[in-house]
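Next up: just one chain, as structure tokens, the form predicted on its own.
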Amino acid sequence: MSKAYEGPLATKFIGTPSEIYDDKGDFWVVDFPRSITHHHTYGLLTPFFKGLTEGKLMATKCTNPECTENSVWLPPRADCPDCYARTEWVEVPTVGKIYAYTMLDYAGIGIEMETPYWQVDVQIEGVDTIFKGYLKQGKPVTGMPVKAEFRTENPTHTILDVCWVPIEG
């Protein structure tokens, strides 16, 4: 085992000095630009995000014969919340009906969308959960038929690669 270095050091600042953004009151506001690269794994849920880039909605299904629910999950779950067995991937329809909706005036950190926008909960036949997303255009109405639209070119590789649009007719 090597001994930790304990000798003298010479340390210097290598950053960029901040500038005063606002000094009008008693408290300074400084311009403190920082950026980081965040490496995040989708782990066992990778097929869901890969499916979005391919124009597919991939859900997971519990196939454990001893499970009392055998539910289909969207967003997917790697393990069944009812019996804890590993789930299997299934492709589900890309059409549904608006179950509920709300307008978002503030999207929160990390959501790279202009506000306001309509956040919609979509009920999809054969899926046991309600899938959340946003309405690309129009005004939502409960029960309105919608279809998924995918960002297959220049995908963000996030949940923002799928949105919903009204089905005309």
Partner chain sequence: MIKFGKGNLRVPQWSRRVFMVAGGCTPFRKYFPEYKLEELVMMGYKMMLEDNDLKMSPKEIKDQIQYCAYGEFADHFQDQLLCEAKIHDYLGLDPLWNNGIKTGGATGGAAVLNGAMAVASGYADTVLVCGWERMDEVDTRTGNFYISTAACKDFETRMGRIYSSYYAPMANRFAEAYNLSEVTRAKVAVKNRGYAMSNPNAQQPGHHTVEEVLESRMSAYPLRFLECCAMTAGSASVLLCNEEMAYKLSDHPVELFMAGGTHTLRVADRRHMEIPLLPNEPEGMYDDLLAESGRWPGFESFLAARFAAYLAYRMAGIKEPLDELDLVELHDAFTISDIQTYGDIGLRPYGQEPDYIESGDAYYGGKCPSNLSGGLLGTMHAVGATGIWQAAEVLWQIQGKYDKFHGDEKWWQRAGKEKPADWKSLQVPDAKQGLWISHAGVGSHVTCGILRKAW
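Rigid core: the largest C-alpha set superposing within 1.5 Å between the two forms. Numbering follows the first chain given and starts at 1. Worth saying up front: this structure is predicted, and the values here are computed from it rather than measured.
This next part talks about the form predicted together with its partner chain, which is not shown.
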Check your understanding: Mind checking whether each of 54, 64 and 91 has a heavy atom within 4.5 Å of its partner chain in the predicted complex?
Key -> no
Check your understanding: Does residue 22 reach its partner chain in the predicted complex if we count a contact as any heavy atom within 4.5 Å?
Key -> yes
Check your understanding: Does residue 82 make contact with its partner chain in the predicted complex, using a 4.5 Å heavy atom cut-off?
Key -> yes
Review point. Counting only non-hydrogen atoms and a 4.5 angstroms cut-off, does residue 158 reach its partner chain in the predicted complex?
Key: yes
Review point. Is residue 137 one of the residues lying within 4.5 Å of its partner chain in the predicted complex, judged by heavy atom distances?
Key: no
Practice item. Scan 47-62 and write down, in order along the chain, each residue with a heavy atom lying within 4.5 Å of its partner chain in the predicted complex. Key: 48, 49
Exercise for review: Take the rigid core as the frame of reference and indicate whether the C-alpha of residue 111 shifts by 2 Å or more between the shown form and the other one.
Suggested key: yes
Exercise for review: Classify residue 23 as shifted (yes) or not shifted (no) between the shown form and the other one, where shifted means its C-alpha moves by 2 Å or more with the rigid core superposed.
Suggested key: yes
Check your understanding: Has the Cα of residue 43 moved 2 Å or more between the shown form and the other one, judged after a core fit?
Key -> no
